[in-house]
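For reference, the chain that follows is the form predicted on its own, supplied as C-alpha cells.
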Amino acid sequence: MAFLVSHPDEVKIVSQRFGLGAISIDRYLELNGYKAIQKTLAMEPDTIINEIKNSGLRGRGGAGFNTGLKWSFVPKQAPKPKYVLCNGDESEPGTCKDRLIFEHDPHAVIEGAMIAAFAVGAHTAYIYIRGEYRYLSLIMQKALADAYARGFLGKNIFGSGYDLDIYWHGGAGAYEVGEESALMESLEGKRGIPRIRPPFPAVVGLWGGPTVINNAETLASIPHIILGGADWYASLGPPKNGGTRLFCLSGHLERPGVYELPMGYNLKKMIFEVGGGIPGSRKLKAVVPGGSSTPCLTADEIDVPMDFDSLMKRGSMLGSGGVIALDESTCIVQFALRTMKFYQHESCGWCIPCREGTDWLKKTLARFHAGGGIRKDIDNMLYLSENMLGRTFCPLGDAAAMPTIAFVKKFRSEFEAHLEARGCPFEKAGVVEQLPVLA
C-alpha cells in the first residue's frame, strides 16, 4: 500500500510535515516545532484544557471522547504523581495512521505529550509503541534523546521552572494492550489484561496516580490546536467533531493509502473519489468504516458523513479511521471468519463471554464456510454475539460481537446460500477469492 499519497480534498494538519524530514529535530524546529509548548508554558492550565475542549478534538484511538473534557477529570491535587500516557499500540486491523506519525513526525507526539502533561500537572509521560513497530521505537528513542540534548525535556524546560521527563516503552505485540487499562498493566510490567473500572485512570491510573491516556494522533493534533486556536480547528469539522482525521483506506480500492480529510467527509465520496473506486468492473459490496471492530455498512448505506455522531446514528462507529472496502467478489462468511480468527487469537482469556464466545464463533464460522453448517447456526451466531455485548471487562468482546451481528443481519441471504450450496458458493462458482489485505 502506498501511504504518502494525496488528494485535492485533503486538509494537511497532522500530516503537513510528512515527507519533509521532520524526523530531524532541526527540521522540526524550522517547521514551527516546539513553538506550541513554549506558548503553552505561558498559559494557565485551565485555559489550555478549555482550549482543547472547545476545539472539538475527540479521541482518535476509537473511543471518540472529547479530549479536553478527559483532561479536566484529572484532580488538581493528588497524593500520588500524575502521568500522561501516549497509546501508540496501533493494532486494529485496517488501521495504520499512528505508524506514519511516529515515522515522519515523532516530535509532534512528544510536543503533544508535553502540552498534555503541563495542562494536568504531570511531570512524567510515557510513549507506548506497538511491539511490531520495532523500527519506530528506534526513531522515537532518537527523537527523545535529541529533545533532551536541546534542553526541551528534563529540568526547567524552556526556562519555565517546569520539569518533565518522557520515556518510550515497547509492547510485545498484544492487541489487548490497546485498551487503556491493559496498557497501564503492561507498562507496569504485568500481564496486559484489563482492570475493573471504576476507578477510572483519570483518578487512579498508572501506579495508582491520576493518568491521562491519549492516542498518538490525538497528541500530535494538540500543538496545531494551540498554535491555530480552538475556533479554527473546530471549524474544520461538524459540531462536536472538530478538526481532521487520518483515514486509512484499504481493501478493494484503486488508490489505497492514508489521507487526511476533514471530519464529516462523506464516505461515498471517500471511496469513489479519494480512493479511486473499485478496481475493474466489480461493484462495491460493503465498507468497514472504522477498523475491523466496527459494524459494516452495505453499499447502499455509505452516503454518510464520517464523524463519530453520524456513524453512530447509522448503527456503526468511526473507530480508529480504518476504512476497508469490500467488492462483490468478497465472501462475507469468509471475511467474518477471518475477522473472528483475529479476535479469538487476541483475546486475553480473562472474561468467559469473550474467551468462549470468540472461540465458538470462530469454530461455527469455519464449519459454516466449509459446508458443514445448519440453519440454526445463523441464529446461534447472533445469539452468541448479542450475549457477548457489554459483558466483558474491556471492549474486545464487543469488538468481536458487533461486526458479526452486522454481517449476519445485513448478509443473511449469503449465509443461507452457503447452506444451500453445502459450502462457499463463491468458490463453487469459480470466483477467485481475494480478501483485502488489512493494514
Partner chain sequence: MADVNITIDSKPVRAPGGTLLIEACKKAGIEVPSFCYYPNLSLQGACRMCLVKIEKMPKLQTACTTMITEGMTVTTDSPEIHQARKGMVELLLGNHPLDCPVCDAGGECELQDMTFSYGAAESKFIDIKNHRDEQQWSPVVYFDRPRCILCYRCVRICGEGMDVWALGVENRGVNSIIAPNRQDHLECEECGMCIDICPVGALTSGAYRYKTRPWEMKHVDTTCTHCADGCKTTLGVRRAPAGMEIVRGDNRDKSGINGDFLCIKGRYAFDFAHHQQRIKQPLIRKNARLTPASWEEALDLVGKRFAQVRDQEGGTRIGVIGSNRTTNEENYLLQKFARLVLKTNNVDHHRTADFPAFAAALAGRGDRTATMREVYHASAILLIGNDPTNRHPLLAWQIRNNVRLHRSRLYVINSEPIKLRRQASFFAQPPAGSEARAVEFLAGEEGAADALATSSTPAQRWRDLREKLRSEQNLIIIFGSEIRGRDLEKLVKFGSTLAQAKFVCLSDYANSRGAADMGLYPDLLPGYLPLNQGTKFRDDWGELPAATGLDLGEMIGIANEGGLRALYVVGSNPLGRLPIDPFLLSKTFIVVQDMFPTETAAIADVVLPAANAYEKSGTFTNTCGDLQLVRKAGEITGTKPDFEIIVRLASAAGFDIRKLVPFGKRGTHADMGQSRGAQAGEADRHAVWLEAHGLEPKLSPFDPMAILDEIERLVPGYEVSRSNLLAGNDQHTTVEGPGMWHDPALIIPARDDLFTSGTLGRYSRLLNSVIEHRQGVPAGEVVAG
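Positions refer to the first chain, counted from 1. Note that this is a predicted model, so its numbers are computed, not measured.
Separately, the form predicted together with the partner chain exists; it is not shown, and the next lines address it.
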Heavy atom within 4.5 Å of the partner chain in the predicted complex, from candidates Ala36, Ile49, Leu384, Ile378, belongs to Leu384
So which of Gly228, Pro75, Pro239, Gly349 gets a non-hydrogen atom within 4.5 Å of the partner chain in the predicted complex?
Gly349
For the three residues Gln344, Arg367 and Phe393, which mark the spot I'm curious about, does each lie within 4.5 Å of the partner chain in the predicted complex through at least one heavy atom?
yes
Using a 4.5 Å heavy atom cut-off, which stretch among 357-365, 209-217, 303-311, 156-164 contacts the partner chain in the predicted complex?
357-365
Although the partner isn't part of this model, could you tell me whether Pro353 comes within 4.5 Å of the partner chain in the predicted complex, counting any heavy atom of the residue?
yes
Gly173: heavy atom within 4.5 Å of the partner chain in the predicted complex?
yes
Would Leu31 sit within 4.5 Å of the partner chain in the predicted complex, counting heavy atoms only?
no
My question is simply whether His123 lines the interface with the partner chain in the predicted complex - judged by any non-hydrogen atom within 4.5 Å.
no
